[in-house]
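Take a look at this single chain, the form predicted on its own, given in structure tokens.
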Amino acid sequence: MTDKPLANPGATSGSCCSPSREPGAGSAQAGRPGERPGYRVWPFVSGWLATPVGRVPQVKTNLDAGDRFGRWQMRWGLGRQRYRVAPGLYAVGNPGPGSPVLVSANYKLSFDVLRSNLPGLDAWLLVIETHGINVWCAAGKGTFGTAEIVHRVAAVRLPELIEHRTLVVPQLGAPGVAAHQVARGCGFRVVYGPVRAADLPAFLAAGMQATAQMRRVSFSTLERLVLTPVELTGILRTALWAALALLFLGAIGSGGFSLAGALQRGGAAILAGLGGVFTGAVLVPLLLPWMPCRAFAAKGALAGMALAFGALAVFGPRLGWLNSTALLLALPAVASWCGMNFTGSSTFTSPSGVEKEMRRAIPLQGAALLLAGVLWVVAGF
């Protein structure tokens, strides 16, 4: 998907689709309105709204099959870095000078969630450049912030388009936005909207007043489960190399280098590793509220330990003490590392807390894996 949907084509002079530069010879003669050679209009653009600052793309509020497939891809981390829309101004319905201005990130998943919750409303969507990162993460990274909002307001010539001076900024973007500096930089007052886009219609209908529930961040089982596929995808990419190493090392034993050893010992080690990955990346998020300890790494280690003891109860007599000890060390270490990865997806960790946990946990995880590897290799002789 291209990130050049001709967003806000008339907002800046020299824009690729400015009304002052209507397509001429060589331009697209058929197809969707606004199409030009080398560019493609996103399917979510339903038309173009003529405004004093140029034509603004009107977007649909319903999601089509392509949008839903794209969301599925993002849940699995496929093409994540390319899933963005062009920053600029968009219109929902037929907004006018008094319509609200809703600020969002240019991560298309965020953009889709926003527009799909605005059926029947007339509003402007001010999409700022966050380099394809969602509002919350971008606010933490500094790309959803004061300077970009001030810049984007000027770039789309917003003061010439609307008569009020209010921007509705997502509450989750607040860590990156200094409202008083936005007012000083562009003259617009920042009003923080609800956490969820689904509450925007009620928020706007109430005169931009949020209820306590609208300010609350939830993290339900389903919300945690939705995040696990992308965790698995990211981890398994790395795990592929580890699996190859295990197959190679598993082939080395008292009988020399053998394919049977690679399949038996290496295969068993890979299964144990996958068990640790599944425990840390799936079970820990699912059981998060009920697991003891505050640190995610500790939660993962405990879950991995439970799984390791369960495996030993079934296979222990056939493993011997070296392999059994290696399993007790390796499986909790893998689960601990995978569980720790989920800190970035949670709603209640801070960057400084995550860094502190990683500094403590990673050396222990590495030492446990190293010792487990040595014991496992020795057990082959």
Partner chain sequence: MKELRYLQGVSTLTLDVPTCIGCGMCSLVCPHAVFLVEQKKALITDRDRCMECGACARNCPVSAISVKAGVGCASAIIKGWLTGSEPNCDCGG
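Residue numbers count along the first chain shown, from 1. For the two forms, the rigid core is made up of the largest set of C-alpha atoms that agree within 1.5 Å on superposition. Remember, predicted model here, so these are calculated numbers, not experimental data.
This next part talks about the form predicted in complex with the partner chain, which is not shown.
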| query | finding |
| --- | --- |
| G316, G47, G344, P43 - the one with a heavy atom within 4.5 Å of the partner chain in the predicted bound form | G344 |
| Proximity to the partner chain in the predicted bound form, single hit among Y192, F278, F111, F188 (heavy atom within 4.5 Å) | Y192 |
| Non-hydrogen atom within 4.5 Å of the partner chain in the predicted bound form for each of V59, R165 and V226 | no |
| Among 266-274, 128-136, 239-247, 300-308, the region lying within 4.5 Å of the partner chain in the predicted bound form by heavy atom distance | 128-136 |
| Contact of F296 with the partner chain in the predicted bound form (heavy atom, 4.5 Å) | yes |
| 4.5 Å heavy atom contact, V354 and the partner chain in the predicted bound form | yes |
| The partner chain contact in the predicted bound form: L364, any heavy atom under 4.5 Å | no |
| Heavy atom of Q171 within 4.5 Å of the partner chain in the predicted bound form | yes |
| Those residues of 177-207 which, in the predicted bound form, come within 4.5 Å of the partner chain by heavy atom | V177, A178, A179, H180, Y192 |
| Rigid-core frame, C-alpha of K356, shift of 2 angstroms or more between this form and the one not shown | yes |
